[in-house]
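The chain below stands alone, shown as structure tokens; this is the form predicted alone.
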């Protein structure tokens, strides 16, 4: 027969699991991941749609309780929940816009990153890149020699788009695993050094690790790791 303490432990685990999967907590997780990741992540379209609907319901609830003569303390608690959710949503979207502004040319030419954007973000990236391109051509590039009038390259002889900023995937990030993971390959040494060594690494559930983002990129995308 299971002990009462064991049953209580399972109940607490179930409760924690339930709380962790609410839309607000999922939004908080998406916000943390986006804030910590050096590259733009996939837009959480379904989650954002649900959160926007919840915000509308919360605004209606606050308005109804405010005009219904309810306890001011109760109304303020509802308002705090609304403000917290609005902050997370606005911050999440702002972080993504900042990444698009910084890496717009790289995102435009990289199909994997382009497909991570929402429709509105794609429209923004196109407009922003077009406006910046036009501004640079009118103010700077048109005054340079013909071989140096590219927005993307230092000169016409450049083989790559060496004027385009790219996310630094070698950045180290703090992360925590949601489950036991093994077979993670770590690379030691700079990315441009061919004489690098690699080794396999494992992670225990809930343990914090400070690790190169490139090594865990796929795990973050699959939702097995959270960035902090």
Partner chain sequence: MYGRTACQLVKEFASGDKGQLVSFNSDLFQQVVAECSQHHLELQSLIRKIQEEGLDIQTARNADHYGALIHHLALVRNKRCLMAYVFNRAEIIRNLLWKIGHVLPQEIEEKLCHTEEEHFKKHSTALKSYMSKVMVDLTVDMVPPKDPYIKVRVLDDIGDGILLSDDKTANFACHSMHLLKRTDAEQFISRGQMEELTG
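Residue numbers count along the first chain shown, from 1. On a predicted model such as this, the values are computed, not experimentally measured, just so you know.
Absent from the display: the form predicted together with the partner chain. The rest refers to it.
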Does residue 155 reach the partner chain in the model of the complex, with heavy atoms at most 4.5 Å apart?
-> yes
Report yes if any heavy atom of residue 110 sits within 4.5 Å of a heavy atom of the partner chain in the model of the complex; otherwise report no.
-> no
Would residue 104 show up as a contact with the partner chain in the model of the complex if we use heavy atoms at 4.5 Å?
-> yes
If you check in the model of the complex, is residue 148 within 4.5 Å of the partner chain, heavy atoms only?
-> yes
Which residues in 126-146 have a heavy atom within 4.5 Å of the partner chain in the model of the complex?
-> 127, 128, 131, 132, 134, 135, 136, 138, 139, 140, 141, 143, 144, 145
